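Okay, here we've got a single chain as structure tokens, the form predicted on its own, with questions on binding and movement later.
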């Protein structure tokens, strides 16, 4: 149910090489995190930040040194035995001699489907990810991009509530990145919980509602990527003078290095329209107006730079 926690990390620490819980290398440190059911979140951070360890704990591959992880209120392995999950690892590999369609059919059988349903789901996945011309090829003959599409196809053979994708757009060409966004949007509309890790911050910004920023095993910040209510900021460009700007948009701020460009605020589109109308009535000439959003890359750089 949306709004309830599908994923919960409760003061989770993971050390490698520790003896009796002491010493060793700390990959995650006191991570507390809740991802509500039905939302899409990203996990970002530099190499070595702890993303791989976080995913391994989430999927029950590892146990925490301290704290606990819960999926749908249960321990990860217990939840996954009952409900399963859709999972794409960062390095998706299959034996090179395996053939695309029979492989997907076999993997669908492992999901618990009977032979007829497994064939139907395999064919559906082949069509969904444009693998038709390659269905009879050996896995070893596929390009990097095609292998990635095969990995996505196998991950989504089943209809699981939890979808975990590690670097899902790696190797995809621009067209398939766009198509993959549509796939994620379908998952979100279906109420599935999606957690994805990626170094491509622009893609995370397009795909997720929030991003967990990890650094050296700590949650540095949880970044909102989709505005939800509250006052919004816009970039307003004027041609010429605007003596009534302050009356129309109280608190308007000139943007450094951009003459005639201001940062203005309005609660919603209706208020923005009213304020723009007042500005135009006063004789101002508006060259452009657009949402003033700061790219995720800049937000991450700023957050990591605070204590570097």
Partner chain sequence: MSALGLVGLELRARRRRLLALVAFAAVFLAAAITGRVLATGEHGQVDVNTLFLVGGLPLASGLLVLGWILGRYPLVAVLVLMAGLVSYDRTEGYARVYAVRPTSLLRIYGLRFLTLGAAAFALSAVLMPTFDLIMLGGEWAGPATFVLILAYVIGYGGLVALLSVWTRGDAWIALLLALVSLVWNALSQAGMLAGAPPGTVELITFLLPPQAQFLRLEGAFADVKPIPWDAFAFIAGYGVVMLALAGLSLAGREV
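This one's a predicted model, so the numbers in the text were calculated from it and none came from an experiment. Residue numbers count along the first chain shown, from 1.
Missing here is the form predicted in complex with the partner chain; even so, the following discussion is about that form.
Trainee: Are 81, 93 and 103 jointly within 4.5 Å of the partner chain in the predicted complex, each by at least one heavy atom?
Mentor: Yes, because 81, 93 and 103 each have a heavy atom that approaches the partner chain to within 4.5 Å in the predicted complex.
Trainee: With the partner chain left out of view, which of 177, 232, 199, 109 would have a heavy atom within 4.5 Å of it in the predicted complex?
Mentor: Of 177, 232, 199, 109, the residue with a heavy atom within 4.5 Å of the partner chain in the predicted complex is 109.
Trainee: Under a 4.5 angstroms heavy atom criterion, identify the one residue in 119, 210, 218, 77 near the partner chain in the predicted complex.
Mentor: By the 4.5 Å heavy-atom cutoff, the listed residue in contact is 77.
Trainee: Can you tell me if residue 63 lies within 4.5 angstroms of the partner chain in the predicted complex, counting non-hydrogen atoms only?
Mentor: Residue-level check for residue 63: yes, a contact with the partner chain.
Trainee: Using a 4.5 angstroms cut-off on non-hydrogen atoms, would residue 89 count as touching the partner chain in the predicted complex?
Mentor: Residue 89: contacts the partner chain in the predicted complex.
Trainee: Could you confirm whether residue 154 comes within 4.5 Å of the partner chain in the predicted complex, counting heavy atoms only?
Mentor: Although the partner chain is absent here, residue 154 would touch it in the predicted complex, with heavy atoms inside 4.5 Å.
Trainee: Look up in the predicted complex whether residue 252 has a non-hydrogen atom within 4.5 angstroms of the partner chain, and give yes or no.
Mentor: Residue 252: no, not in contact with the partner chain in the predicted complex.
Trainee: Only one of these stretches, 189-197, 169-177, 125-133, 93-101, has heavy atoms within 4.5 Å of the partner chain in the predicted complex; which one is it?
Mentor: So the stretch in question is 93-101.
Trainee: So which bits of 38-61 sit within 4.5 Å of the partner chain in the predicted complex, heavy atoms only?
Mentor: Residues within 4.5 Å: 56, 59, 61.
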